[in-house]
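Only one chain is given next, in structure tokens, and it is the form predicted on its own.
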């Protein structure tokens, strides 16, 4: 990581995360989306030298940020998906953990990276992969998908009302020799359907389209559902606590249903916790964040 490269991401609801994790010295915590290490650095302080933190992230860039911020023999970082948590724990001589944190949001550092195409303001190639060498890029998905497939993605994961017309425009361009390989190319397609992208409605449509493609490329909702329903019950100690932060309704629905759909969970947050107005003013990204927490108490 270049010496002049510094993370700009601000962790969301740090006080609430610590409150609901109910940390104490000596616990073992898995941060399955360690990012730039904002939450993890606070967790490490609460755990003390006898505690242990395992930080996991799919994105090697974010893991580099975390490595520059987190240190100590009680901090272990691993590149991979949180779905691989059981294997990662075993490779470090562990079977289970006492706490799990999952922040399902996209980092501001990822959005600002011009080489990744996550954000339409940053520009760049239409990649959107958390790991730049795994799976298909967003541009490849657009090139290889049918119009019906793209429409379904925009409707299902972007909840975009103009999904049919946007999908048709993308495929019209591809079929007539045009390219949809950069964020600017995709913006042009959306603008052709939705009009001025500087307007509130235009930017909202653009946000939905980028969100839907990113979710599809990284299989984010499938990962979240499998983690919450299959992996977490395997890796949490009895009375362990999971805290999950989501940023849109599809994610929050998955978290809510997972906690309520398994009788082993004691839901601690009857309604999702949201950021306080003071935090939203300082960090607008926190506006859409919802935090849910549950304690693992499997039935004998």
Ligand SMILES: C[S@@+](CC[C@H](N)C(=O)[O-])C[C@H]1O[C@@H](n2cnc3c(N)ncnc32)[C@H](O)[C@@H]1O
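Owing to the predicted nature of the structure, the values given are computational and were not obtained by experimental measurement. Numbering follows the first chain given and starts at 1.
This protein has a second form, the form predicted together with the ligand, left out of what is shown; the following refers to that one.
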Residue contact check: residue 105 to the ligand in the predicted bound form, 4.5 Å heavy atom: yes
4.5 Å heavy atom contact, residue 81 and the ligand in the predicted bound form: yes
With the cut-off set at 4.5 Å between non-hydrogen atoms, does residue 211 touch the ligand in the predicted bound form? no
Indicate whether the ligand has at least one heavy atom within 4.5 Å of a heavy atom of residue 34 in the predicted bound form. yes
Of 235, 275, 255, 62, which residue is found within 4.5 angstroms of the ligand in the predicted bound form when only non-hydrogen atoms are counted? 62
From 171, 164, 136, 223: within 4.5 Å of the ligand in the predicted bound form by heavy atoms is 223
Where does the ligand sit in the predicted bound form: which of 22-30, 35-43, 235-243, 256-264, heavy atoms within 4.5 Å? 35-43
Are there residues in 272-291 with a heavy atom within 4.5 Å of the ligand in the predicted bound form, and which are they, in order? 285
